[in-house]
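Given next, in structure tokens, is a single chain: the form predicted alone.
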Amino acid sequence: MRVGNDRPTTPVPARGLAGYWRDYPRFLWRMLVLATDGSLAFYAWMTALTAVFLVGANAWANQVADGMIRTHMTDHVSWGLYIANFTFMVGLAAGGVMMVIPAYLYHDRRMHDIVIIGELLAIAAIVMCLLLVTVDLGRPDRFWHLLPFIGRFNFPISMLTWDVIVLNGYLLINLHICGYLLYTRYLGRRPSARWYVPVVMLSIVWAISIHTVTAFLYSGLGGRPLWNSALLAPRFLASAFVSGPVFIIATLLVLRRVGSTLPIHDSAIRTLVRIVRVTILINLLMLASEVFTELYAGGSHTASARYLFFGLDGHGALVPWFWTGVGLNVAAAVLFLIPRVAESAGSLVVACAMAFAGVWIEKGMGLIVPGFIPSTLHEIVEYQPSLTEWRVTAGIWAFGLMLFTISIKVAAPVLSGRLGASGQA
């Protein structure tokens, strides 16, 4: 029998549905043991992430105790660093679909294990999205208002309710795909296509929907001219298809460097590089179109854009953010277009880091915050994140990286065939 990427496996006799689930408790126990056992480098990495997470948790506890006065958000700028990172994380989760398309629509079997990494990244990113929304609530005990049939969900009128549905739905889809494929690989069985292929295809549409709905949440606010663009949703998707693949490329290179048991084919990395070469140029084209439209047409509705690009009435706190993001995106695009860069792991990691940081600035501090400046009363109230916001955000990032690290650590031995129900270790 052959499973996943055509590696031979030891077949496990079919024992019916009861037999299929009989090994599940042992599977979970072995995954737990594997997640907590590793090298000195693994313990050092997890210890550092835990320390950052605890600092963030303490900062959030102080924010809950003292109120949102701990942040630099105001009535004028009510969405800051938390929602900026939320927007970026939604795109990072959606970027996982770029691995599904070549693997399943174009039948590239060497991409199948990379799909699992993309799905694991999506799970970690969605969890971080939910945490970022929670810390932004101010009163997290009131989250029940977002629950269907319990709170005032306002479905289907409110775009926020659609966002809740698509984000949680995408989380469940990815949990099913990863859980089913890993468990069947652990059992040494061939995955039944009817149990996961339709869900994989659904994940393509769903990944696009999560970022589209997020874009509609912003562009539907008529009082915020910076977001009132039909190009906002396509821009979100283009940037998502940059941030997701570059993070996966960097992850694969790190796994190869640390000697992971997961087989990483050069063809898979080359496929992702080709994807980034196209999407990063499309993203820059859309950004240039927005800049031209805002600056050439002029008018009072372009005040937010002019504030972001060049400053307004002596205020320009976000100007360095914007031009840094543009510079990083342009430099990354140039590097990806140089063939020799893709052949050098070090240069490729640098290009990926620049693209990742550029998109983070563009979709975060370069998009969410300037949408509130000037205010609807034409007042300029600037915003810079407080130390508490930075600590809380860093803690959430650390938690997400811990979740992603553990997920890959338990998935790699199963996908490589080194761990299974037949007794491999």
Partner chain sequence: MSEQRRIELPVLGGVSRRTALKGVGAALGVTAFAVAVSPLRRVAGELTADEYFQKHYKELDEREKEAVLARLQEAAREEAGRNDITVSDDPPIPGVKFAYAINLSVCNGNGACVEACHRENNHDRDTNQSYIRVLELPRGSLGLDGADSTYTHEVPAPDKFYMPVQCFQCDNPPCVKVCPVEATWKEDDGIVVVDYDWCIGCRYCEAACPYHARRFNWKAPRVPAEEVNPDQGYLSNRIRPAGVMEKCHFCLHRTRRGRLPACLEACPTGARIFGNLLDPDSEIRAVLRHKRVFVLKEDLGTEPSFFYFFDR
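Residue numbers count along the first chain shown, from 1. Please read these numbers as outputs of a predicted model, since none were measured by experiment.
From this point on, the text means the form predicted together with its partner chain, which you will not see here.
> Taking 4.5 angstroms as the cut-off for heavy atoms, does Asp136 touch its partner chain in the predicted complex?
Asp136 belongs to the contact set for its partner chain.
> Taking its partner chain as it sits in the predicted complex, is Thr71 near enough to touch it, meaning that at least one heavy atom pair lies within 4.5 angstroms?
Taking the distances in the predicted complex, the answer for Thr71 is yes, it comes within 4.5 Å of its partner chain.
> Taking 4.5 angstroms as the cut-off for heavy atoms, does Arg340 touch its partner chain in the predicted complex?
No, Arg340 is distant from the partner.
> Is there a non-hydrogen atom of Arg224 within 4.5 angstroms of a non-hydrogen atom of its partner chain in the predicted complex?
Arg224 belongs to the contact set for its partner chain.
> Consider the chain as shown here, without its partner, and state which of Val166, Ile264, Ile173, Leu217 has a heavy atom within 4.5 Å of its partner chain in the predicted complex.
Only one listed residue qualifies here, and that residue is Leu217.
> Select from the listed residues Thr293, Thr324, Ser344, Ser158 the one whose heavy atoms reach within 4.5 Å of its partner chain in the predicted complex.
Comparing distances to its partner chain in the predicted complex, the residue within 4.5 Å is Ser158.
> Taking its partner chain in the predicted complex, would Leu54, Asn62 and Arg142 all count as contacting it (heavy atom within 4.5 Å)?
Yes, the whole trio is in contact, each within 4.5 Å by some heavy atom.
> Can you tell me which of 237 to 245, 75 to 83, 180 to 188, 200 to 208 lies within 4.5 Å of its partner chain in the predicted complex, counting heavy atoms only?
Looking at the other structure, the answer is 75 to 83.
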